[in-house]
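Coming up is one lone chain in structure tokens, specifically the form predicted alone.
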Amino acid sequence: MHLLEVDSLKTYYYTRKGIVKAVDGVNLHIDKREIVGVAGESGCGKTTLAMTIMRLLPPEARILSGKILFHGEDLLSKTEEEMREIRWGKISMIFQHSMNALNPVLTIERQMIDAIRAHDRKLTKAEAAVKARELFKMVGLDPDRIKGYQHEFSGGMRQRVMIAMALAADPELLIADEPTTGLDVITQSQILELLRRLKDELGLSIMIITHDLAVIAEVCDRVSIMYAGKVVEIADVVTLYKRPKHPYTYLLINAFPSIKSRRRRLEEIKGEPPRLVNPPPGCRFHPRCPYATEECRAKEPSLVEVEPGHYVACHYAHKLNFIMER
């Protein structure tokens, strides 16, 4: 049994401009002690997927169908009170732009103590302070600096603080939404190495949401590629980079430079992602796909297993043979 399994999930936003099909029949899973990347362009539904798993959607969002199984139990059937026990206690999240989430007028120690006691009210303030210092040390920060304020910490240090707070209730699954955005490349590498170390030391499972394929390549075991609210390809990270089967994945990888292969002109994905209020019929990628046929325009492809552990939603996955140089 998978630790987390998302099955045929649909989450739509009901807005004045129409119904936004942000997550439209998504399937994926995460196993214990595994890091899974969810990648794709901005607006493809990655963050909505994470917020649906956490049941933290805004009022205009509706979960229409599907299941989110955690240890075999459907999170969509849980009451709000039950979800409060699961959030941070079982599944924790580092939110996008989380470096700006710290309160500037409270010390880091005060904020961490409040977060720890919110999930374990049996702890005294003194006991929570001891745990806060332990978490500080775990994420590579000097515990003696815990009484400082957010403006005294660099961007990378604040991101480490947010990771420490996400670990406050000893979760089994950590969802990290764009955890390296706004950081320089050295700090990005340090944060990713920290996440990898925490997975090994704590037995964590991690979902990393990103648009940066370099992040995926460095830290993930498996990858789910999303496009226009749907998962179009799932594979282990080596297979995905060397033998992608979906044209979108192939073009997405080719849009990023490689330091190993010969110098070449980067390819662009022509056009723009579709508006999810009125997505195109058939395969949603067909308006931008150089290999599209009438079948692609008329019939939506299913996500099928083309080889063990490799799933693709493309009518011609068995014919397309992309071999990457990198």
Partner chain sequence: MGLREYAIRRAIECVVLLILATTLNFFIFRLMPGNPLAMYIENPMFKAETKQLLIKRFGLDRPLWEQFLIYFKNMFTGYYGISFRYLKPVSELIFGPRLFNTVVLMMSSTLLAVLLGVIFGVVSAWRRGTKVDVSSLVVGLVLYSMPVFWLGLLILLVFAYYFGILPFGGTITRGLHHQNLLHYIADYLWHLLAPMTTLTLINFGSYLLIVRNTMLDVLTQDYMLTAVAIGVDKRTLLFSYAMRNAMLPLVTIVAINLAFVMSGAVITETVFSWYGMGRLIYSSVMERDYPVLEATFWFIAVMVIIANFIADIVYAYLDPRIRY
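Owing to the predicted nature of the structure, the values given are computational and were not obtained by experimental measurement. Numbering follows the first chain given and starts at 1.
Keep in mind the form predicted together with its partner chain is missing from the figure; the text below concerns it.
Taking the partner from the other structure, its partner chain in the predicted bound form has no heavy atom within 4.5 Å of any heavy atom of Ser189. Although the partner is absent here, Trp88 lies within 4.5 Å of its partner chain in the predicted bound form, judged by heavy atoms. Taking non-hydrogen atoms only, Gln111 approaches its partner chain to within 4.5 angstroms in the predicted bound form. Shown alone here, Ala118 lies within 4.5 Å of its partner chain in the predicted bound form, counting heavy atoms only. Looking at 66 to 74, 291 to 299, 22 to 30, 50 to 58, the stretch with residues near its partner chain in the predicted bound form, meaning non-hydrogen atoms within 4.5 angstroms, turns out to be 50 to 58. Here is the short version: of Ala217, Leu183, Val130, Leu102, the single residue with a heavy atom within 4.5 Å of its partner chain in the predicted bound form is Leu102.
Shown without its partner, this chain lists Leu194, Val237, Leu202, Leu106 as candidates; in the predicted bound form, only Leu106 has a non-hydrogen atom within 4.5 angstroms of its partner chain. Shown here without its partner chain, the chain has Tyr149, His151 in 141 to 156 lying with a heavy atom within 4.5 Å of that partner in the predicted bound form.
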